[in-house]
Every structure is written in structure tokens, then in C-alpha cells.
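Shown next as C-alpha cells: one chain only, the form predicted on its own.
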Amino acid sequence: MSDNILEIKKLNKYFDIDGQPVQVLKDIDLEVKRGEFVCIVGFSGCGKSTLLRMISGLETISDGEILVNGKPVTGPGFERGMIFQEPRLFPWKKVKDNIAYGLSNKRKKELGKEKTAELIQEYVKLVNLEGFENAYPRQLSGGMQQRVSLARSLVSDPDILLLDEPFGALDAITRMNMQKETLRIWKEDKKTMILVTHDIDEAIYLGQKVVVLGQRPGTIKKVIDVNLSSPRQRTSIEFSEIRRKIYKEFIEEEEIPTDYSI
């Protein structure tokens, strides 16, 4: 079995706008290893989310190929979980029922009611929501709602978890807490994760590698390895050096802020 769980080969994407083809992604080549945490950064409109949607099977491929476990992606599948910026929970369902929705009916029948309930509780515990199993989304904070969304995607045991700016709508403190939680879950669950973000610090804090996309049509400008020990310190010299490398892909050297504010 190959070490690569995901292979993207010469991928192109065009949208038809007023009868004219507009290229969004150009010649994307990327390999992701099993259990790896990869972050994708780039300007708004460079095709980051489109790329993630193509990996998930929610968006069609114009040219090229996407392989998951060596098989071409032709549509959505349970081996790929997706988390969006908004939690997208069912407001009329309790936390445990929203999580259970991530399981197929076939899987629920195989497990039976008792085993299904045990599995749901296992993922409630994984995302630190014990005591809120019977709460409704309206009774949860934004960060807690995203934890439910995370558990719902993980409960089906996907090979790859795709995260499309899942913390973008959260306040700064909650966002940092969710980053820590996601990192903890990744270490515990050993899941391959691919996250799209505008936040360079977030990408360095979470990722083992950072993929930098250029402006439209989006192309891979650089793939930067993040060889930092854990837990990562955002104020360390090593963290700052990687931040500088990424900034250099977007702006001129003399424009890089000395305090690295973003």
C-alpha cells in the first residue's frame, strides 16, 4: 500500500461565467501521506475552497485526476469527511442525534442501537462535550457547535477529514482553543487532515506542511515543511522563521511586518 492517501495530478478547474471559461485552478500536483496534517493558504479567490470541494467530490474536475487510496474521486464518499465554516447542525436535533447523523443507516443497523449509542458517546467524549449530549445547537456556543460538527464528521471514520476554514467565524480566544482541540484530536485519532485557512499562524500551528497557493488561477507556489516540536510556540524564533517564509510568497521582503501581525 502506498504511503500516499491522496494524489492530485495536473488538476485544472474552470467555471463557466456568462458563457466564458474562467480558470480557477491550474496544474495542481500534490501528494498527502497517511496521517498527515496539511494546511492550504492563499489569497481570497485563489481556489483553496474549490480545491477542497473537488477532493470531497462536491465539485467536478475539469482536467486532471484526484486519487484517494489509489481510486479516482468521482463524487462524495464516506471515506472523506467535510467540515465547513458554519457548523450546519440540525437545530431540532440534540447533540447526540446531530453526531449520529454522520453514520449511514447501514452502519447503524450493523451496530445496533446499543453499540451505536456507545459509539456516539465515544465521540462526544473525544470532542469534550460530555454533559451536553442532550443539548440543542441553540444552547451551545459557536466553538461547541463546531465540536459537534467535528464529531459528526469523525464518527463515520473517514480516511481524510477536510476542513474549510472551520474556525473563521469564531472569536480569537475560541479560535485558539479550537486549534488546540483539533490538534489533540488529530494526535489521538491519527486521521489525515487537510485544512484551508487564511490564517498563516493557524497553518503553522496545526500543519506538518503548508501548501501556498498563488492568485487566480491558483497554482502551488511552494510547499513548506513545518518541522517544529510539539507543543508549538507562536512566539519562538523557529515559528517566526517559517512565518517569514510563507509571507515571502505573498509580499515583497521589505513589506514583511516585523511583528508579523496579520
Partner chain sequence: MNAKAKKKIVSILKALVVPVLFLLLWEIAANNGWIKVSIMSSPSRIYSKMVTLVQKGTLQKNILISLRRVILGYIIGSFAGIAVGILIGLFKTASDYLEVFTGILRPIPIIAWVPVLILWVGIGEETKVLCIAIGTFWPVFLNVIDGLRNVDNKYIEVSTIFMKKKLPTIFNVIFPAALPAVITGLKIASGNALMGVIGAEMFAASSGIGYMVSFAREMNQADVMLGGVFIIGFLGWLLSIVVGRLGKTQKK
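Numbering follows the first chain given and starts at 1. It should be emphasised that the depicted structure is a prediction, and the values quoted were computed from it without experimental measurement.
As for the form predicted in complex with its partner chain, it is not shown, yet the points below apply to it.
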query: With the partner removed from view, which of 188-196, 174-182, 112-120, 90-98 is the stretch that lies within 4.5 Å of its partner chain in the predicted complex, judged by heavy atom distances?
result: 90-98
field: The unique member of 170, 82, 140, 129 whose heavy atoms fall within 4.5 Å of its partner chain in the predicted complex
entry: 82
- line: Exactly one of 223, 58, 228, 67 comes within 4.5 Å of its partner chain in the predicted complex through a heavy atom, and that residue is 58
query: Do heavy atoms from each of 53, 136 and 152 fall within 4.5 Å of its partner chain in the predicted complex?
result: yes
message: With the partner left out here, check for me: in the predicted complex, does some heavy atom of residue 74 sit within 4.5 Å of its partner chain?
response: no
task: Indicate whether residue 159 is a 4.5 Å heavy atom neighbour of its partner chain in the predicted complex.
output: no
message: Taking its partner chain as it sits in the predicted complex, is residue 144 near enough to touch it, meaning that at least one heavy atom pair lies within 4.5 angstroms?
response: no
query: Is residue 103 close enough to its partner chain in the predicted complex to count, meaning some heavy atom within 4.5 Å?
result: yes
